[in-house]
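What follows is a single chain, given as C-alpha cells, in the form predicted on its own.
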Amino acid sequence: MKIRSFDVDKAILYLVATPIGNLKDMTFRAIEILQSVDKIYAEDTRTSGVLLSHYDIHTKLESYHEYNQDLKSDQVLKELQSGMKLAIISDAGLPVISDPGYKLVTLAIENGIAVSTIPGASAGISALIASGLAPMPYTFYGFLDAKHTKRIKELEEVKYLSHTIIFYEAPHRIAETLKDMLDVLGNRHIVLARELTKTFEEYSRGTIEEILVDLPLKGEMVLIVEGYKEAGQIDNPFQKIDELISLGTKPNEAIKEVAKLTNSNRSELYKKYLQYKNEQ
C-alpha cells in the first residue's frame, strides 16, 4: 500500500523534531509545519509552550504522554480520520525515540493515513559523531531499565555486540548504570556527553573506571559505549567454551555466550561441543 505524504487535501500525522537544548536548532520547516497544522500534541505542554512562544506559534496544543497515550490515541485517530492535519513533538529531539508516539504512528499506518517526518536534532546521533568511537555500525538502545536486576539482564543481552552502543541515562542513575556496565561489559572505553548544544556542553572520554572517578551528575546524558572487541575473532569456539568453564562459568552459560559471540545456533553448538569432547 502506497500513501503519499504531501497531498494537501488529506489528513497527515507529522513527527516533528525539536531542539535538544539550544532553541536556535529549530528548523525553518519545523516552524512552518507547526504553524500550519490543526493541532499539536506534545509530551509536556509546559516545555513545548516555551518553544512555541519563542517562535510565535499559536497552534492549539494538547498533551500526549506515556500516562495518557492509551486514552488519547483513539481521539487522535478520530481527528485524523476526520481530515485533520496533526503534529506530534517531544520535549527534545525526535518524537517516538524513547518518547511517546509509536502507537500513533502504527494506528495511522493501519488506517491508511499519511505519516511524515520533519527531521532535526537527535541527541544520540549528535553525541555519536563527536564521540571519537566507531560511528558505524552502531546500535541505538536508549534508556536501560531503572531497576538494577532488569538493567543487568538488559546489559547481558547486548554484552557481545561488536557495534558501538548508544544509551540515554538520567543523572541520578548514571553512577549505578556505569557500575553495572563495568561488572557486565568490562572496563570499556566510553564517552559521556551531557547538556548537548547548551552553554555547559561537555564530553567526558575514557574507560568506565576513569569516568567513574570524576563523574558529572547534572544534565541530560548520552552514553556512547564501544562494542565488544573479540566479536568474530574466535578461531575455535570449543576452546572458548572450555576457557569460560575454566574461569568458573557454568557449561550451559558458556555455550550460550559462545553461541552469541559466533552467531551460532546454541543447540547445534552444544551437539558439536559434545562431539568435540568425546573425540578428545
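So that there is no doubt, residue numbering starts at 1 and follows the sequence shown. No experiment lies behind these values; they were computed from the predicted model shown.
Beyond the structure shown, there is the form predicted in complex with a small molecule, which is absent from this document and is the topic of what follows.
Although the partner is absent from the chain shown here, Gly93, Asp99 and Met221 each have a heavy atom within 4.5 Å of the small molecule in the predicted complex. The single contact residue among Glu209, Asp183, Glu156, Glu195, judged by any heavy atom lying within 4.5 Å of the small molecule in the predicted complex, is Glu195.
Interface residue among Val76, Ala123, Ile174, Leu144 relative to the small molecule in the predicted complex, by the heavy atom within 4.5 Å criterion: Ala123.
Contact between Tyr160 and the small molecule in the predicted complex is not found at the 4.5 Å heavy atom cutoff.
Although the partner is absent here, Ile20 sits close enough that one of its heavy atoms falls within 4.5 Å of the small molecule in the predicted complex. Although the partner is absent here, Tyr168 lies within 4.5 Å of the small molecule in the predicted complex, judged by heavy atoms.
Checking 147-155, 84-92, 128-136, 103-111 against the small molecule in the predicted complex, the stretch whose residues place heavy atoms within 4.5 Å of it is 84-92.
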